[in-house]
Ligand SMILES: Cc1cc2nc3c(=O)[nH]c(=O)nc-3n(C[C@H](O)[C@H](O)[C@H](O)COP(=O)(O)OP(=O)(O)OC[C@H]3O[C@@H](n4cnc5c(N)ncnc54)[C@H](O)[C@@H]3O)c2cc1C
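The chain that follows stands alone, in the form predicted alone, written as structure tokens.
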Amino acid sequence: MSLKLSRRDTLLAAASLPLWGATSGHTKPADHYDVIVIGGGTAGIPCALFAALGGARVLLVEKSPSLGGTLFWSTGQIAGSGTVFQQRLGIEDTPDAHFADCMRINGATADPELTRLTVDHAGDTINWLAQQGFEVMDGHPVTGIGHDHFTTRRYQQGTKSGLSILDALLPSLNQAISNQQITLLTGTSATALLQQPSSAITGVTVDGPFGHRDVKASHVVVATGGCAANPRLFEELHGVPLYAQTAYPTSLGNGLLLGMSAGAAIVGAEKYACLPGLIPDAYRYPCQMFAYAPLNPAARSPWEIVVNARGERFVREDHPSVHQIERGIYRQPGHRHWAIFDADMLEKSAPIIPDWTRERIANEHQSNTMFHRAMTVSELAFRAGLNPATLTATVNDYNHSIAVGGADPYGRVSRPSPLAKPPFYSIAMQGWTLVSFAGLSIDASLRVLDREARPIPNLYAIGEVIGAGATSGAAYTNGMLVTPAITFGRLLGQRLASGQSAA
């Protein structure tokens, strides 16, 4: 999970794919369907497809003009055991090992039943994608990329990132639409759930090219995005501002609001975790990402120190677990942090911002208020808005520990240089996220639960709308966003087609 495409890139990618407009359907929506799927993205497409393949009459509703959702935006990294890609490399793996790795990485904060459901079926999901033409990058699967690694190579990314997954899904979906097994409405919003006094869901109110109408269904699946593009809803649910506008633009939380209107409980807000190293364009919420310094020791050995708004160090900068660095930043005021370094560190280390030159880093202070340079540490602190006395003491303590060969108070091992040669530099950074951790509460049968943990009859949820915290926990666990979305889509589609409502 990482931001990899600009909005311009996304629009260009979307333009290269089929646009399934509402007028391309064979008929107007019928009065009743076996299954209505709200959201034509990572989870909704496989759910609609497998329900149709199982014989169900399916209506797929997508508010955007095209299908795909965050697959346009995402790297599409997925993980599973027993896959054809592992077999090619002679890698032995099991769902039990996958489960243990996931719960280790997220500190057992993910829902164990949903995690178990994912890992038990993830290999079959990936193998099915491979049968549809999905192919992985050279050298994949790997143990990890941007987050804490697995103990086994089971993590892979498609050759075209998220678009590789969409390319694998669309041909079968196209065929099902042509065969009139699926009715597709794009550019159409689901504005309400139809609900009986007993709380059972009986259909959806849709608004689109065919007008405003109620459509009945035996089962309704909410497979929409999260709310990480909706600053107000994100903050209301998480109690934390949406620091950066980096999520897919349609992730506005519509499915969350639909679920809540039917009495669904919201869970997972307490699992919020922020990524390090976003350099904002300004101190405003939400900001835009001006640049990105990953602060991942696995990718770049750090020379600089990292301090909080008080000018104090708070984390072991070379910790082998980037999750521990993320948790350290989570505990800081406003989730803000500053990289502090000197001329020697700038000259000898790999640039802290990938693809930037040292010269640009050294001179960016001339035009950007997130960057500062000064001839003394005290002056640097003043310019950066930090406490000069505290930052000076922090730097002096760091240098003294190196000079006397003392242990670092945070356990840092790699200290290649003291912070002593002017000019001195600081870069202001903000914790950020691409996803929302809060989501609709579901059980292992993917049924939406109310505030008393009772299933709301005929209502299901999969994908981002269940919240990242459900399967990734209070961490960014490898593949545990895209993988469960596709996997739960397959499983739920199959079950609803066969009349099952339980796992």
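Residue indices: 1-based, along the sequence shown. It should be emphasised that the depicted structure is a prediction, and the values quoted were computed from it without experimental measurement.
Omitted from view is the form predicted in complex with the named molecule, to which the following refers.
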item	value
Which of 222-230, 420-428, 327-335, 311-319 lines the interface with the named molecule in the predicted complex (heavy atom within 4.5 Å)	222-230
Check all three, Q77, Y248 and M480, heavy atom within 4.5 Å of the named molecule in the predicted complex	yes
Heavy atom within 4.5 Å of the named molecule in the predicted complex - the one residue of I36, A461, A43, A51 that qualifies	A43
Residue among T188, T125, T183, N106 with a heavy atom within 4.5 Å of the named molecule in the predicted complex	T188
4.5 angstroms heavy atom contact with the named molecule in the predicted complex for R447	no
4.5 angstroms heavy atom contact with the named molecule in the predicted complex for S64	yes
Residue contact check: L71 to the named molecule in the predicted complex, 4.5 Å heavy atom	yes
Distance check, A56 to the named molecule in the predicted complex, heavy atom within 4.5 Å	no
